[in-house]
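Here we start with a single chain on its own, the form predicted on its own, put down as structure tokens.
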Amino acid sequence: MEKNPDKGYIALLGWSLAAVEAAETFDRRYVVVAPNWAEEYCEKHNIPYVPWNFERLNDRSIEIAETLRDMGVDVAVPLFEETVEWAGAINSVLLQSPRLYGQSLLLRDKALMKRRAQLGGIRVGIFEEAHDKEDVIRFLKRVNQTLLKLDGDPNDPIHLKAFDKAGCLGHRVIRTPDEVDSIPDEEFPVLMESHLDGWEFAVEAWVHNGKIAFLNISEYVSLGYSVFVPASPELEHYRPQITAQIEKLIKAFDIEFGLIHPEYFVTSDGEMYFGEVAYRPPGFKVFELLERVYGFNAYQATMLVFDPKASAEEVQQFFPREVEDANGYAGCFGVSPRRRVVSRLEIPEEVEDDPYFESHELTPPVEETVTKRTAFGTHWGLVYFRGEDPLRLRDLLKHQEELDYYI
């Protein structure tokens, strides 16, 4: 597509083919900043590219910001959790705003993030950092003592999360002191949280000039397994409260632009609790699901709201109306083998025959022995569904948990 020199020049941090394809068909100049292994592909397909090793933090780390500045790049867009901090550092140079780096640290460190949310008057559960197993046992006991548990009562679980990993990686649920022994020492330090009973959901909010330009509510059917958009009317009923919470979050974290992906819980009495917030695209191909029902490309939307040269009018014209303009509901299910040994991929007949089934991106097994899942959300590929009835779609996604795709 013809690039407009009057609009922003965007650096995409991290390798994502979907983001590159979106940038190719968007009217802004772009460059991909990715590790060396992407170079050959980029050269072959004429993709503008700058090599950078995101794992290398040293005295030369400022180089990438200076390189991009000298190229005339206006802003850096993080595509993955691991590039959020780099985007903050680079943008603090490109946009001459040092606080952007500090803000990116808050959006990377889950403990700092919770404290910042709390300072902003946002409801969070009880949380603490743990540096060793004794800290975890103490926290488990203290939480259950606070809940007035008696001897012999089953413990309320606590959640352990890695400080700076994406999604469910490093997530453990601990109920007894004995389970603490299974945590490898190298996983510490971790964030510990009390368990929140409630309906967990996610939000994708595109922010421009400190205001919400578009807010999607993603409904989890089973966390780490399935999601659909837009949310069912039952969850959309909470949209006014959810919008108010996101506005509070934008204010608390001082977010002027970009895409935020927070997770929340709504309890049975309608109270909202903050889980965490990411400053990058969500997992589980939610961007692709949004395109299926709304028709806009969410990667282009992200480049647009990051662009300091984008006008309020352009942003407003880009986005459809939430829920009203959605053409049905789209969801996906992350398939994990249910057996310890598998020999082939076989899509269940009932799935292929279902009118809501669209496609899948599953591949035949490479090895017969299935490794144990290390995290929620570690799946072998996704199956996509789309239809008009959100409740039927929700039931269908839940039912997938009982089916064998690998046999």
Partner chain sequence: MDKLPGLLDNLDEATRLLADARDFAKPGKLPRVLDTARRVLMQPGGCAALESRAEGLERAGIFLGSDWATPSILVPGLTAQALSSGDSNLLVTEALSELRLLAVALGGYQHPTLAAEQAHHFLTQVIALNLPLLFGPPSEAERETQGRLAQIPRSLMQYLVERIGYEHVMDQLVEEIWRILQQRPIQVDTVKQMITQIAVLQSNPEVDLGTSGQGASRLVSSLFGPTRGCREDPGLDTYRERLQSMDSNALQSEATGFARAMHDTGLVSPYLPVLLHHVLGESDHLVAEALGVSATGRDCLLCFRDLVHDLIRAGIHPETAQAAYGLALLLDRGILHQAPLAPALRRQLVLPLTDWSRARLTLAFGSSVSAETHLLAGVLCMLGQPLGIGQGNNPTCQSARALSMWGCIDPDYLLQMVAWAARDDEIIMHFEGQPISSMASLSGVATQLPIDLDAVSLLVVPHLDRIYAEMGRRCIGREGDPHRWINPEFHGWWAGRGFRINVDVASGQLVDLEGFLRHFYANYHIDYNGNQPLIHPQPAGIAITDSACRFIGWHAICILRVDRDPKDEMRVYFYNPNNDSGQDWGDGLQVSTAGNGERFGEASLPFGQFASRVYIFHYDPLERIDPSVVPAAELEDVQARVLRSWGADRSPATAAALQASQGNPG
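Just so you know, these numbers come straight off a predicted model, no measurement behind them. Numbering follows the first chain given and starts at 1.
One more form of this protein, predicted in complex with the partner chain, exists but is not displayed; see below.
Proximity to the partner chain in the model of the complex holds for none of E39, K211 and I217, with the criterion being a heavy atom within 4.5 Å. Proximity to the partner chain in the model of the complex, defined as a heavy atom within 4.5 Å, singles out one entry of H195, K161, R292, K248, which is R292.
With a 4.5 Å cutoff on heavy atoms, F54 does not count as touching the partner chain in the model of the complex; it lies far away.
Put simply, T67 is far from the partner chain in the model of the complex: not one heavy atom of it is within 4.5 Å. Although the partner is absent here, E367 sits far enough away that none of its heavy atoms falls within 4.5 Å of the partner chain in the model of the complex.
Remark: S61 does not count among the residues lining the partner chain in the model of the complex, judged by a heavy atom distance of 4.5 Å or less. The partner is not shown here, and in the model of the complex the stretch 241-274 never reaches within 4.5 angstroms of the partner chain through any heavy atom.
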